[in-house]
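Consider the single chain below, provided in structure tokens and representing the form predicted alone.
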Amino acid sequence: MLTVTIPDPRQEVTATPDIRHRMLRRFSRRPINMMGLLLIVGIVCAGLGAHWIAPYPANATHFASALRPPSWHHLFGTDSLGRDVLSRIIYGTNASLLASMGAVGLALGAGTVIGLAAGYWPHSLLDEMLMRLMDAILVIPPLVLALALAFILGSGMVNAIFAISVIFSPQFARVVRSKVLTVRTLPFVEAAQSAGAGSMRILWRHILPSILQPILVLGTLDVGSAIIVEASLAYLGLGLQPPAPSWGFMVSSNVNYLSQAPWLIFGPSLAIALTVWAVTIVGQGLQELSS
């Protein structure tokens, strides 16, 4: 009697401990990767512990100390209301990270669902409709589309997150679709189909785990871009509303003081640049591991 053994797809896609250790060592061998990772950890910890780390409350005003240059008491100076710039940068970390990571997470989820459906049933009406919708979104410049959506929906953090997620969803959808087109023809997927597994079970139990790594790498790289888009929306007053601190809004609200108090722009701009750099470096390191 012939016995057919169906391979467990998790064995096909799950790295052994030795492989994971080798990948970790390969990642850590490059000092720049570890610098980026440590910087991200530091930024996240600063945001989570802002209440204890920041030297002053974010919205504490002291008009007698307005527009003070950097000093030991105010390392990044004070703004036009006498608020400590460094404290507002630290508190603003939460808004920037929440908006960027929330938007990328939402885009990752939506794009993955769209890509799985389009890739598993290629050349169908569903595939054509979903991919043409993604193409239509990709045609519009990302920042222009985000501004239009934020303007229609109104200002606020939730609307900004939704607007940013829309412009990143097509990237995930296209990557997932291309990976699914390859994985769906592999032996372990065909074995699951022969065993009578339903389409949803095959997609979520067999195909998705095998394409998860490139999706997460893309998500890491997109966080840096999302921070820039969120800062742009906040700069135009379409993100987090005052008096809550936001890096982008701190730049826009103090641009009139550029010649008089340049430290008002330098601090939040440096925070944006360092965060984007760190996330990009880690994303590129992960991308090298998956290649």
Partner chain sequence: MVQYVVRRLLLSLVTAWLVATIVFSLVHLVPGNPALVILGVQASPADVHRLDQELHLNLPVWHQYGDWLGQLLMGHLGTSLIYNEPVIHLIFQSLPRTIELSLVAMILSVIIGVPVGLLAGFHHGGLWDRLSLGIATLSVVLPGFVIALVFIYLFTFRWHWMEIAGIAHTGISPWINPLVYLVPGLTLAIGLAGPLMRVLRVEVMEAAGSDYIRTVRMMGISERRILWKWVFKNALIPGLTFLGTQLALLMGGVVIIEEIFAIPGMGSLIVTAIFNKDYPVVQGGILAMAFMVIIVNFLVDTVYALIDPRISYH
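Positions refer to the first chain, counted from 1. These numbers were taken from a predicted model, which means no experiment stands behind them.
Just so you know, the form predicted together with its partner chain exists too; it's not on screen, but the next bit is about it.
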Ala58, Pro70 and Ser155 each touching its partner chain in the predicted complex (heavy atom, 4.5 Å): no
Stretch from 129 to 137, 212 to 220, 104 to 112, 88 to 96 whose residues place a heavy atom within 4.5 Å of its partner chain in the predicted complex: 129 to 137
Contacting member of Leu236, Val44, Ile53, Met34, with respect to its partner chain in the predicted complex [4.5 Å, heavy atom]: Leu236
Contacting member of Val144, Leu125, Met200, Ala195, with respect to its partner chain in the predicted complex [4.5 Å, heavy atom]: Val144
4.5 Å heavy atom contact, Pro262 to its partner chain in the predicted complex: yes
Contact label in the predicted complex: Ala231 to its partner chain, heavy atom within 4.5 Å: yes
Close approach of Leu149 to its partner chain in the predicted complex, 4.5 Å, heavy atom: yes
Heavy atom of Pro245 within 4.5 Å of its partner chain in the predicted complex: no
